[in-house]
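In the structure tokens that follow, a single protein chain appears in two forms: structure 1, then structure 2.
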Structure 1
């Protein structure tokens, strides 16, 4: 105790000496100054907006740029960084997958195609949104669009647009030749040839034949029309080597061989097909409804000459339009789930879906299909109800990307003349079975 008091006395006399020194007083003043600045600036810095990042398919970035501006104006605490990705769903999916496999995804949000949900959810990459959206809110969307966001009873994705493949036809050419719309795939070939002869239109039928996800979407429609199936998601049975599937492939190959479709279809995606059809180069086209406003735009050669209808079938088959569509999910690795959720709510809101619907993107909110403003602009939205009644799904399985890759590879081998349909489809079926066999043994092992 004595020692302590001595020290104190000694130290305080030392301090008095130091305080009298001018340099120490300057130092203390500077220190207090810095501390004050820090305390004043801290809240300013901590209010820096949070950045929410995502990757977007290139053609959709112009759609989202003004929406992002509007959101940022109303939410100054959030900045959105939209990164422009490639122009094919599977390529964007690959970029997300490699970023997530590396474990440090630079993204917070993800715009998911219907066919991605199972894989991303099974890998644990998506936040469970089941408790965030109320059943009443979900009931306002088309049921198929919500279902496409579920995996094992949990909700991972909220839709902002839906999609379904349709058959576009030239009303004027059919009328000129005095023909009715085709009802079966055989009719499609015959009517096409007649139109080519009678009206001089270059091509009959355009479809997406490139090796990418779009070819799988196009193929499930023809497959269903011929009465076949790809993978049964419940039993994991594979139907690619069945006679119906071979017939479906033969039909597509036949369109090129018979001069109804150009050889180029084997390298075409949606946009190549749309441009050729829009320039007046063909009588029929398989595509998604986003093409409608473009086909009716002022610069289009087929303005007001195009009709749409559900897909065709053969006797015994099921006409089916492939269900597509996109929705937002939150990556479970995001450090900003609350801000990401606010952006997601805005992007899936009625306001945003209405703006996008007026640009031709089919909404997922049911009310917008009866909206007078939208119907006045796009009367075909009423017809879409008929198309949605007969949709065909791509199998919702965690290994979808690999299964689709197998199908794309072998279809492409047939379309480019490298393999005969039977050989290609048998190999595709057996590769798919071994992929799914591994899947079912892994599931059994997990119990």
Structure 2
């Protein structure tokens, strides 16, 4: 026993010597440091990145692939899952609606067409972004692009691309005839007739007259120009049976009856109009800016002969180009609102909008319309900035799709000669009031 105690004391003293050695203390400190780092970083390594999902029009998906790659590289805690949808805008809207009606959407973000906001917000499907975006940030965007994202004084959509109807005109024909650009709809008719007589151009004015959303977008421009309105979203008053609206319909019908527009215009959409104008068949055209690079392509008969300007009005009216475009919203059902907001901020940022602007997509940020590099590539952006100063919104109401369908049907009835303008617009106004009355009753029932 005595021997054992001596050995124990000897070994203990040896260990104390070793612990006092500098190399051993350094080794122990390093070991403790490694264990500490491991315990701190273990949750990071074990946590999977949050996945943010959205549905996108099929033609748009190649545009987003490099943007998503860049975002994920800079934000390793988030993965973006882009689901390729159909080619048509209305089909994408239907898919979102069907998923949300089930109560549990597989998506976190939504790329909203300008006319979807009210419907999705009224259904409670969108997150209110009013407290997330600062007034300074919003002021950097085109004003009406921001207003298009509001519903009942709350903000649900941040724009990233915009659009507006444009009046295209043949500069060469006006110069040949010694005429100035028209300023009113009356001027447009008179100048068109003169150009048809003096230059031999087949048609004076082309527009979209087919029964679809495009005719509603076209009509709100003419309606505003005559001093009328479709639906006041604040009061739900309907102006379709007012004299200004009937005058607007009569003007459009008159373009066909006077031979300024072809009879087939009542079946035309954007592309039928663009092809006829691009072939040199008309002096004026109402269309969207997407047509500009096509009109100036090498195979175009009107290359470098076309100008653009804001829409027209009559005295007392308000010239206004119908606002189009897209913006991002966050679905209220998302379990990851903070991560979704970071993705939204990236997609609407100046960097991303600048990249897209250099690909021909009109941005919503004012500063990019003065960017020298962008203007060198797309000089017409400077003219589009003037167009965006005078834009008109389609009514921001939850039942917009139904209201638009009513308007489309009765405009088509007038253009095809099945109804007189007064009768058609009175019936359209009556059906619209009935629709909005049901909407008001439903809102009151919900409290």
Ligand code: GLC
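Numbering follows the first chain given and starts at 1. Worth saying up front: this structure is predicted, and the values here are computed from it rather than measured. For clarity, a rigid core is taken as the largest C-alpha set superposing within 1.5 Å between two forms.
Source of structure 1: the form predicted in complex with alpha-D-glucopyranose (GLC). Splitting the chain into two rigid parts between structures 1 and 2 separates residue 121 from residue 307.
Here the chain acts as two rigid units, and between structures 1 and 2 the smaller unit rotates by 23°. Core superposition gives residue 106 a CA displacement of 9.1 Å between structures 1 and 2.
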